[in-house]
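Before any questions on binding or motion, here is one chain by itself as structure tokens, the form predicted on its own.
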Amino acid sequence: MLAPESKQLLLVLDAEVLCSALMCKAVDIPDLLDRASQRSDKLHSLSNMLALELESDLPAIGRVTMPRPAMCHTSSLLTPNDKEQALQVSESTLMSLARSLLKAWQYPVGVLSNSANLLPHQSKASISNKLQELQEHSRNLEDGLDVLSGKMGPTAQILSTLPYRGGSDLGQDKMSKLINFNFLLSCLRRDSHKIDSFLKVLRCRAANMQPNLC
């Protein structure tokens, strides 16, 4: 469970970064994108921090046997590979991609959060707290993007189905739990980076910035 002061901090951040559905409808797109980019930046920062923390304690055999990125449940979604490619994609399509990736992590993030306290890891309590915070950021970002997509037209509201088929059990033995947890977290880090990158490109375009400054 999050400490009371941590919950208070999250509430303050939520008020600053996102807004209620009614308030958001009155805010223009550039401002909403700026707020969403702040949230996605935090989301990626947390996933990256967690992945690095877990990777450092993964035995060499675990690194060798861990599934490749192509096995991530979101790998079937075709996305830009870099900023230059993202700049060639329409705003509505970028929003659709960001929302599809984010919604594809609703259940898997819960699996990570519920499994954290069962990890054979000395920092499992800290990992669990970070994942709860990440879940909160993800929910609030999803709410904000739902409002944004409604302002950007039908294409932005299209969602690709990316089912997670891994189940809630990450393994019976210690090594399996560590390997599967690390793999799922590595997929989350990759996708949170994509979401953050797409939203930053959208924010840049909305502000009419030069492409080289995006």
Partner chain sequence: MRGALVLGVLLLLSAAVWCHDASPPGKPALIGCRSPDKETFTCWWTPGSPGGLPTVHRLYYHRAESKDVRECPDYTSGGSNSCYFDKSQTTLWVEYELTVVATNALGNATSNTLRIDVMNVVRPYPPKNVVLQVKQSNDNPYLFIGWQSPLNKTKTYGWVTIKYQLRVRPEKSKEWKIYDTDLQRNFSLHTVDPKVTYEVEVRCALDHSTWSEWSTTASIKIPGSSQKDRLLWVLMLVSLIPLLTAVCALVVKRNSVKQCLLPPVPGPKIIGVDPRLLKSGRAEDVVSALFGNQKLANMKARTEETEEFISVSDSRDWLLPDERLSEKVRSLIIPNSFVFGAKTQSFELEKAADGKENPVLDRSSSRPGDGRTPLSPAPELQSLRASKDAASRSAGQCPAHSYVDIPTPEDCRTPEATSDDYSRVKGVHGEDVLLEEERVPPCPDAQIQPANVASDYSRVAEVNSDTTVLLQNLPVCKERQHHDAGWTVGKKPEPPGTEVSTGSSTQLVGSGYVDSVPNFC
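Residue numbers count along the first chain shown, from 1. Quick caveat, the model's predicted, so the values are computed rather than measured.
This next part talks about the form predicted together with its partner chain, which is not shown.
- Highlighted residues 115, 117 and 177: none comes within 4.5 Å of its partner chain in the model of the complex, counting any heavy atom.
- A residue is said to contact a partner when one of its heavy atoms sits within 4.5 Å of a partner heavy atom; residue 139 fails this definition for its partner chain in the model of the complex, lying far away.
- Taking non-hydrogen atoms only, residue 80 approaches its partner chain to within 4.5 angstroms in the model of the complex.
- The shortest heavy atom separation between residue 155 and its partner chain in the model of the complex exceeds 4.5 Å.
- Residue contact check for residue 48: one or more of its heavy atoms lie within 4.5 Å of its partner chain in the model of the complex.
- Though its partner chain is absent from this view, in the model of the complex it lies within 4.5 Å of a heavy atom of just one residue from 86, 97, 109, 104, which is 86.
- In sequence order, 189, 190, 193, 194, 197, 198, 200, 201, 203, 204 are the residues of 187-204 having a heavy atom within 4.5 Å of its partner chain in the model of the complex; the partner itself is omitted from this view.
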